[in-house]
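Next up is one chain by itself, shown in structure tokens, the form predicted alone.
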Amino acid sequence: MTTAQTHVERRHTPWYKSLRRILTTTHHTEIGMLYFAFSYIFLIVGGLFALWMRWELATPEGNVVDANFYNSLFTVHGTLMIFFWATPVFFGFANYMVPKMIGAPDLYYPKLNALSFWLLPVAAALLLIGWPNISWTGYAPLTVIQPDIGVDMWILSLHIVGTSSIIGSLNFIVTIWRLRRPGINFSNMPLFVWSIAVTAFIIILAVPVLAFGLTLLLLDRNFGTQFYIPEGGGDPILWQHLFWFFGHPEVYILVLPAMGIISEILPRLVKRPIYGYKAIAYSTVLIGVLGFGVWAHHMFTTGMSIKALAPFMLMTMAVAIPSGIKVINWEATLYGGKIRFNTPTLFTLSFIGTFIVGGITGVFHAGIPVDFHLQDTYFVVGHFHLILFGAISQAAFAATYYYFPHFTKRMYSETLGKVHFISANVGQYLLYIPMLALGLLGMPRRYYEYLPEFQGLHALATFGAILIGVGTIIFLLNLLISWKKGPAASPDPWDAAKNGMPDFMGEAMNEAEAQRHG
């Protein structure tokens, strides 16, 4: 067979049907699809662990699993959902779309892009095999004195996933800076590309701090140092400073891509140009900057002086301003638009609503006296999940439905999509609103057993979690069935170009593909 025939066969044979192609591909679209597959697999795994915990919490007594196993479920669930679901799913969109949106043939370093992905399965395997039981925040001194080797595997897993994130982020930055086609500059660059660029800078600045803290923890555990042990002159609060210096920017690592992708699909769904392009772009940068000045609001109850805490209280209030700017501009875009209540539109509107609810419940924590009452209660759990699962999953679902015709050239079932929307939204509010109420009533977080008077709200939350699980199954089945048997999609399935909207998945994509194939 000639080289030309091999090339033609390679182009016309689905890449995912060849194990060799899966393992060796370096093209950004195929790496993006691998990220999608990986992230949705771990959405299922992490979701099953969450359902397991919720089933345990449906009754006050621990009668489903023992306390140690529950704590391991809690640890692995939290780590999986943050590092192996929410981050990779938007890295998948970024891989697939950023080169197309800027007219580039691929990412600047294709082989490093492949390495960035293939580090993730290794990290996930280490985490699942290690099965640690220390909570996903890894607070010292528990993580120092815990003899289980699973803690060391958790540390190594986070080091590997952090390396993956840094490699990928550097690649995105160089690609955006060096491979933009003529005519695309920072004044008209797609807002999703803006969000990925800022997110990449946050990762490069924040993840090394977590790596430093993890290295100190590894030394304490295995080489006799005492960075986190008070008896040896160390300080366990040092871990909190290092972890939360990473941990709060991590929120924006997850939220900014979601905001960026909503800013792309919303105007095309309502047939109206985005309102306040510059305000949204600049607010993205401002969130990235201010996000590094709020970490100690997680530590208001650790005994720090009020002089040290007050600036973090003010900064936490200030970081809500650029987020509010985005919400106002999204609402202004909706005003006067032709809203079509299809599945991606519904999930887009749900993202905006859920982000508002989750954001407002977070602003309460900026007040030091209020935070003293709410700290380490289920109110924190409810707020945290409204943003990091509620809002982010709504954006991921909206984008998946919106770009599904671009990815597969087929349409999904609108009926199943709307069933998914209803179950996901009813489920999330039945799950998280009772958590807020439990926190106000004094229910502590991370408890394996609880007082009987809290059972009603816990049972309601468990029912909500089951609804989310059912909706997710419907969602995945819809995608898999439609991928094989769905009706053919038109080149412009959302009529974006027909309504004068620049289709960055169209014009720039075609030019990039032309460059790739000559």
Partner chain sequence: MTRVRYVEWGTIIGAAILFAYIGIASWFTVSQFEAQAQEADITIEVRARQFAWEFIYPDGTRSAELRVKAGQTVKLELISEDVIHSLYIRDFGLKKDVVPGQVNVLTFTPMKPGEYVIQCAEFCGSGHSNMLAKLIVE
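Predicted model only: the values in this text are computed from it and were never measured. Numbering follows the first chain given and starts at 1.
Below, we turn to the form predicted in complex with its partner chain, even though it does not appear here.
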Does residue 372 make contact with its partner chain in the predicted bound form, using a 4.5 Å heavy atom cut-off?
yes
Residue 451: heavy atom within 4.5 Å of its partner chain in the predicted bound form?
yes
Whether residue 385 contacts its partner chain in the predicted bound form should be assessed with a 4.5 Å heavy atom distance threshold; does it?
no
Though only this chain appears here, would residue 273 touch its partner chain in the predicted bound form if you measure heavy atom gaps against 4.5 Å?
no
Within 4.5 Å of its partner chain in the predicted bound form, heavy atom basis, the matching stretch of 347 to 355, 415 to 423, 260 to 268, 67 to 75 is 67 to 75
Which residue, 142, 296, 290, 128, has a heavy atom that falls within 4.5 Å of its partner chain in the predicted bound form?
142
Proximity to its partner chain in the predicted bound form, single hit among 433, 134, 251, 189 (heavy atom within 4.5 Å)
134
Residues of stretch 425 to 454 in contact with its partner chain in the predicted bound form (4.5 Å, non-hydrogen atom)
439, 441, 442, 444, 445, 446, 447, 448, 449, 451, 453, 454
